[in-house]
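As a starting point, one isolated chain is supplied in structure tokens, in the form predicted alone.
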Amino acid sequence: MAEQAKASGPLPVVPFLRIPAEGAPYLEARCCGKCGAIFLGERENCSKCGARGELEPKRLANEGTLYVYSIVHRSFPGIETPYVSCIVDLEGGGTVKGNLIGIEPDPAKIRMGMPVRTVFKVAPRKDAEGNEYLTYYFEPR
């Protein structure tokens, strides 16, 4: 395996997180020009209408609403629990899974449909080469 050099800045934790040289980071999806369906990640065809070559990059909004959540009490070693895993419907389209921060992991404090915003932070751990990763979370607005 070839050795990788340490990156000069944080790397995106997922391929659909964009870190421009100028400006703030953002999430990017693919939008079908025929039917308007929105998908995360690279693809050639629209899974909804089957169109080929119609998918264009779309910058996703940083605000949305909490669609559903789950409070996680057991995880891999080294992952602090409990935490809130969630799915968020973003304004203008796009549905993204992430973690909800800035709120107690208590069902009495979290409500479906609550307004949230995307926040970007450097992940708490580095990889074996010492690289930092930029990740995204959701927090109540």
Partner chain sequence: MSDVYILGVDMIKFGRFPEQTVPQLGAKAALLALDDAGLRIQDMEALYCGNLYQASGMVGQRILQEIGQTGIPVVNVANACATGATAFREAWMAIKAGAYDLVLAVGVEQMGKGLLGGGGAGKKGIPTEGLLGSGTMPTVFAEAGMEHARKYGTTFEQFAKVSVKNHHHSTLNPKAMYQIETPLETVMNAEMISYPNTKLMCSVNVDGSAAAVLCSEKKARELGMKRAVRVKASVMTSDPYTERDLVMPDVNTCTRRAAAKAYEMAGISPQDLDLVELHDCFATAEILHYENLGLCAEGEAGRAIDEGWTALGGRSPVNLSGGLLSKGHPLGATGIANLYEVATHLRGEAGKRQAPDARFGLTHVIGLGSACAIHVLERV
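Since the structure is predicted, the reported quantities are computational estimates derived from the model, not experimental observations. Positions refer to the first chain, counted from 1.
Just so it is clear, the following notes concern the form predicted in complex with its partner chain, a form of the same protein that is not shown.
Novice: Under a 4.5 angstroms heavy atom criterion, identify the one residue in Gly33, Pro107, Pro115, Gly41 near its partner chain in the predicted complex.
Specialist: Exactly one listed residue reaches within 4.5 Å, namely Pro107.
Novice: Please run the contact check for Arg52 against its partner chain in the predicted complex: heavy atoms, 4.5 angstroms, yes or no?
Specialist: Answer no; every heavy atom of Arg52 is more than 4.5 Å from its partner chain in the predicted complex.
Novice: So in the predicted complex, does any heavy atom of Tyr67 sit within 4.5 Å of its partner chain?
Specialist: Taking the distances in the predicted complex, the answer for Tyr67 is yes, it comes within 4.5 Å of its partner chain.
Novice: Verify the contact flag for Ala37: yes if a non-hydrogen atom of it lies within 4.5 Å of a non-hydrogen atom of its partner chain in the predicted complex, no if not.
Specialist: Result yes; Ala37 sits at the interface with its partner chain in the predicted complex.
Novice: Is there any non-hydrogen atom of Phe120 lying within 4.5 Å of its partner chain in the predicted complex?
Specialist: Contact with its partner chain, no.
Novice: Who in 113-134 is close to its partner chain in the predicted complex, meaning a heavy atom within 4.5 Å?
Specialist: In sequence order, Gly113, Ala123, Pro124, Arg125, Lys126, Asp127, Tyr133 come within 4.5 Å of the partner.
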